[in-house]
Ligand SMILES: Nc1ncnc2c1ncn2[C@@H]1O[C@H](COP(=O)(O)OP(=O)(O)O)[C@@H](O)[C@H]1O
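Here's a solo chain for you in structure tokens, the form predicted on its own.
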């Protein structure tokens, strides 16, 4: 049965819609078991030795699935994992239908004539809470940006539901240093994508600090990482 599935996956991918291709993977849109599905396929890196490439790709696929499942068990919204094929390094994930990225939501809210500061503050608070819960579960996302967070609205859930996506660089770590770097990556991406939002990001960090059981050590490491980043900028 497993062999039949492994043979079927490449055949399935020949009839799907390519959404995007990055340095690490291709992302497709299709249906799986009658449900809208996103398929993430990690392809071989020709510049690496085949044995090493196979091991690294397998490890990254395992880490991604493990992080998603760990988040979902903790009550953090992330796509459902429908199926994983470790032969072709494909992950079949729930497509979050009817959603938009937090990046697009912030941009459209800022551009509206009546900028809804209260809504953006609520969003920053919610992001801080979810990232605190994720880090308390020792999940490091590795690529935190507002483009890797979705807002989903449903008829059964009138309030926006924040969904974390794209765990391709994620891993498990209890080190405050790794969590501090995770927040630093988000801070750099947040402030460069959304100008004049320093106060909004501070609200996010305050929410994170209040929600996490381990925040003091993480915020201390974040300050150290910021200092190292500033020193590198000065040196060039």
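Just so it is clear, the model here is predicted, and its values are computed rather than measured. Residue numbers count along the first chain shown, from 1.
Omitted here: the form predicted in complex with this ligand. The next part is about that form.
- Using a 4.5 Å heavy atom cut-off, which stretch among 200-208, 53-61, 38-46, 180-188 contacts this ligand in the predicted bound form? Residues of 38-46 come within 4.5 Å of the partner.
- Query: Applying a 4.5 Å heavy atom distance criterion, does residue 85 contact this ligand in the predicted bound form?
  - Reply: Residue 85: no, not in contact with this ligand in the predicted bound form.
- Is there a non-hydrogen atom of residue 94 within 4.5 angstroms of a non-hydrogen atom of this ligand in the predicted bound form? Output for residue 94 is yes: heavy atoms within 4.5 Å of this ligand.
- Could you tell me if residue 101 has a non-hydrogen atom within 4.5 Å of this ligand in the predicted bound form? Looking in the predicted bound form, residue contacts with this ligand include residue 101, since a heavy atom lies within 4.5 Å.
- Flag residue 20 as yes or no: does it have a non-hydrogen atom within 4.5 angstroms of any non-hydrogen atom of this ligand in the predicted bound form? Looking in the predicted bound form, residue contacts with this ligand include residue 20, since a heavy atom lies within 4.5 Å.
- Task: Go through 165, 120, 162, 132 and name the one with a heavy atom inside 4.5 Å of this ligand in the predicted bound form.
- Result: The option sitting close enough to the partner is 165.
- Item | Answer option from 139, 127, 150, 144, heavy atom within 4.5 Å of this ligand in the predicted bound form | By the 4.5 Å heavy-atom cutoff, the listed residue in contact is 150.
- Message: Could you pull out the residues of 70-91 that have any heavy atom within 4.5 Å of this ligand in the predicted bound form?
- Response: Residue within 4.5 Å: 79 only.
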